[in-house]
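Given as structure tokens, the chain that follows is alone and in the form predicted on its own.
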Amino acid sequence: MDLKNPVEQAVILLRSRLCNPNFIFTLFSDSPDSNYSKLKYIISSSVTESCNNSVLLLGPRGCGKLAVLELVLEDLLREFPDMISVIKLNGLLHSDDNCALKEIARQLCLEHQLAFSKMASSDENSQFLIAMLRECGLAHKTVLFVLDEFDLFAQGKQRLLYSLLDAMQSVTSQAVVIGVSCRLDADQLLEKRVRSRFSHRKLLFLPPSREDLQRLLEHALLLPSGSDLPHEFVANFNSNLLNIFADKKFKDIMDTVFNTDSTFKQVLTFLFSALCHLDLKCGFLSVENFKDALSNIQRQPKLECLKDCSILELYILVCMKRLEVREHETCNFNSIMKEYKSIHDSFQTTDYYARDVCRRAFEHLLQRELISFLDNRGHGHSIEFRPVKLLISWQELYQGLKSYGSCPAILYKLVERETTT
């Protein structure tokens, strides 16, 4: 690291902060009403009081469920290094009961330095799990089962969930099942026999409020005064940042972020993008950096699809839009070809292709889902006669043509003419 360049040092420091969930969520762990405090109490009381427990962490993706859980586990492993064993499963990988039991057996063997048998049957792995829970309970060691994508484990016969929760009914066992899911009704997916053994504790994770968002901005972006960075640079950087926070344009940008997707993941992606736009020569963040970051994170999948379209496909889209503007109730491949020929005859364009080529381009637009059939009827009919509709707005088409590097001038003129009328 070049100690003579405080700007690069500051950028590295801020990037490491934004990529470190522990640093971000430590800000919200002080309050006794925080999910961090509640989850830590549930697990720590299970460890110290030698009791079984189960809890669900529910909320939209990107709201910090796993990040807070990892922060809690890290703290508890530091406090109780010899009293906790963590087993992690993911519903995307281990929703099959046999696969899940084998993975639990593998992790338990690895944790306790035992020989793992890949050839063991599902019943043998199930018996091994019950025996290990009993032995860990006698040794006053709590086994934490983290089930990510919990709702996927609740599909099928739910044998794994029943086996875990039923084994926890024993006096000798000592375990905690922690389910993580983006489905708020995950507990309602459980069978009656599983639900009766579940603790019904649920922690709800939500996107940050406006006040929390403001605290997050200051916590993540303001440079610490006690760092190795020059004091004068830190003071100027923080002063400039506070001025940006008070700027009306910046507040409008943050309102847009808040109203579209204010999850922690999206906000941190937005801040990281703004940091990537920082001018190293200037050395300070600007409102323009945040404006550029906003345009980067706003997903525009239709515009991305238009960038990959051929010239002929753009012609077909413009023809369909022109037919739509003229209030044609329906259009099909044949009517589009008539409009295409009309444009060619009127302006003598050089971009005129054979009907078979146009049909392949038409089919490609259907595959890209820029256009679709009007209904599901008529599967037996020829594609040329089935009515279709446009799945892209006029404004999106206009912006797509503007950003298209080799857009024919006539297409752009046709679009401009329609937008001004």
Partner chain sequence: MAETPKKRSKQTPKHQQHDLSSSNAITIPATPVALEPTPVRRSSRLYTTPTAATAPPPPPPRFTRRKSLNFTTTTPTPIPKTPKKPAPQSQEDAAKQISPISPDRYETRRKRKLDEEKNAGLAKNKDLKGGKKRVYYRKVVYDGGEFSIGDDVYVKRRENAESDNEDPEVEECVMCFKAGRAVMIECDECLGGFHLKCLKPPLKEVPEGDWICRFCEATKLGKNVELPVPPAGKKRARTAKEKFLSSDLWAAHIESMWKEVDGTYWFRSRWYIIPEETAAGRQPHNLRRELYRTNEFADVEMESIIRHCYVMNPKDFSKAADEGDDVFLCEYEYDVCWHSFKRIAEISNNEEDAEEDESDKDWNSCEITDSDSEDDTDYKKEKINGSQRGPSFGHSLAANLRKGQFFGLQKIGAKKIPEHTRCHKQTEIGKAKAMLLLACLPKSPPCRNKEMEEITAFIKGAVSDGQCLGKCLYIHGVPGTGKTMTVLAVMRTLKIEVDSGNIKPYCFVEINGLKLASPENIYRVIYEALTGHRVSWKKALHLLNERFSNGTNWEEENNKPCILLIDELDLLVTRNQSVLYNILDWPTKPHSKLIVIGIANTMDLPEKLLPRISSRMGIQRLCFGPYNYQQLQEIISSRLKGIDAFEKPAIEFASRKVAAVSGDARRALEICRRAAELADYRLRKSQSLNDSAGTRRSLVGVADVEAAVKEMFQAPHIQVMKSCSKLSKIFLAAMVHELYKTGMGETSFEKLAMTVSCLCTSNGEAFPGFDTLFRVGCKLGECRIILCEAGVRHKLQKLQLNFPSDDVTFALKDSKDLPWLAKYL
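The structure displayed is predicted, hence computed values, not measured ones. Numbering follows the first chain given and starts at 1. Under this definition, the rigid core comprises the largest set of C-alpha atoms superposing within 1.5 Å between the forms.
Although it is not shown, the form predicted in complex with the partner chain is what the next lines describe.
Put simply, Lys281 is far from the partner chain in the predicted complex: not one heavy atom of it is within 4.5 Å. Although the partner is absent from this view, Arg355 stays clear of the partner chain in the predicted complex, with no non-hydrogen atom inside 4.5 angstroms. The partner chain is not drawn, but in the predicted complex it has a heavy atom within 4.5 Å of Pro301. When the partner chain is considered in the predicted complex, Phe80 lines it closely, a heavy atom lying within 4.5 Å. Residue heavy atoms within 4.5 Å of the partner chain in the predicted complex occur in exactly one stretch of 212 to 220, 310 to 318, 237 to 245, 139 to 147, and that stretch is 139 to 147. Relative to the partner chain in the predicted complex, residues Ala105, Ala131 and His200 are all within 4.5 Å by at least one heavy atom. Though the partner chain is absent from this view, in the predicted complex it lies within 4.5 Å of a heavy atom of just one residue from His231, His112, Lys341, Lys249, which is His112. Screening Cys276, Leu204, Leu92, Cys99 for any heavy atom within 4.5 Å of the partner chain in the predicted complex leaves a single hit, Leu204. Contacts between 383 to 400 and the partner chain, taken as any heavy atom within 4.5 Å in the predicted complex, involve Lys389, Leu390, Leu391, Ile392, Ser393, Gln395, Glu396. Superposition on the rigid core between this form and the one not shown places the CA atom of Lys102 less than 2 Å from its counterpart. Once both forms are overlaid on the rigid core, the distance between the two CA positions of Leu306 between this form and the one not shown is 2 angstroms or more. After superposition on the rigid core, displacement of the C-alpha of Arg322 between this form and the one not shown amounts to 2 Å or more.
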